[in-house]
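Heads up, the chain below is alone and in the form predicted alone; it's given as structure tokens.
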Amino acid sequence: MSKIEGKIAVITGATGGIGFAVAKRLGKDGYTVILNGIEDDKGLKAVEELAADGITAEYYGFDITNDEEVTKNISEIGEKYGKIDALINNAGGIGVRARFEEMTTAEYKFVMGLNLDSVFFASRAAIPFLKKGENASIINYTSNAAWNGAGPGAGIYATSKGGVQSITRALAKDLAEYNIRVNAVSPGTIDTPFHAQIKATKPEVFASWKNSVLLGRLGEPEEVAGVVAFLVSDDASFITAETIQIGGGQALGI
């Protein structure tokens, strides 16, 4: 892919893991990357690491589940740069593990807020600036759980990711007239710090996960970043409302 000049990418939850890999890849492709997170020390460290690699980056600390914070900060970013070319709704996670019977309303709202509300808040705030962007697009993150309902204790996570699948298509319809594309990626099991606890405490379980992957290994954050970089590029200018599985065939359920 040729180097892209002057483009702005906002990436939520980008201080580590897949989000940071996406920031690094887009930065190398010529984007100015705006990282979001809630741990300021990690955010500033991430920006320093990117700067050392010749990447122009900024960090904005705000809670992606708080609509007022999201609107304020994304509006500030858009006003500062005059546009947004790519919004990467990377923030999310399991949040809380609980069976339906045991889950509190507060826990339910937290998980839905983390994975689905955050996509709505960030997209809504970014749309006025995406309209000013070049080949602008939004990338959301869904999951195999959106199709298979996830395992016990992760049912609301699955529900929230099902919502992400739907909002991706709905946004694509809503924004097509402005030539703003909206797509999603569905990462399989990716070897990131997200799995650090189980990797340290139950290495045999962690090692067994690759047995459910057709290609026989776990994914790397950079492999997700590469697909995101393609989807926001001119090479994907006729792709919208799609979800790309990045799981080495894990979705087949071998």
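Treat the numbers as computed from the prediction; the structure is a model and nothing was measured. Residue indices: 1-based, along the sequence shown.
Just so it is clear, the following notes concern the form predicted in complex with a small molecule, a form of the same protein that is not shown.
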query	finding
Partner-facing stretch of 174 to 182, 121 to 129, 87 to 95, 100 to 108, counted where any non-hydrogen atom is within 4.5 angstroms of the small molecule in the predicted bound form	87 to 95
Residue (of 63, 49, 223, 58) lying close to the small molecule in the predicted bound form, criterion heavy atoms within 4.5 Å	63
Residue 240, heavy atom within 4.5 angstroms of the small molecule in the predicted bound form	no
4.5 Å heavy atom contact, residue 193 and the small molecule in the predicted bound form	yes
Contact of residue 15 with the small molecule in the predicted bound form (heavy atom, 4.5 Å)	yes
The small molecule contact at residue 188 in the predicted bound form, heavy atom, 4.5 Å	yes
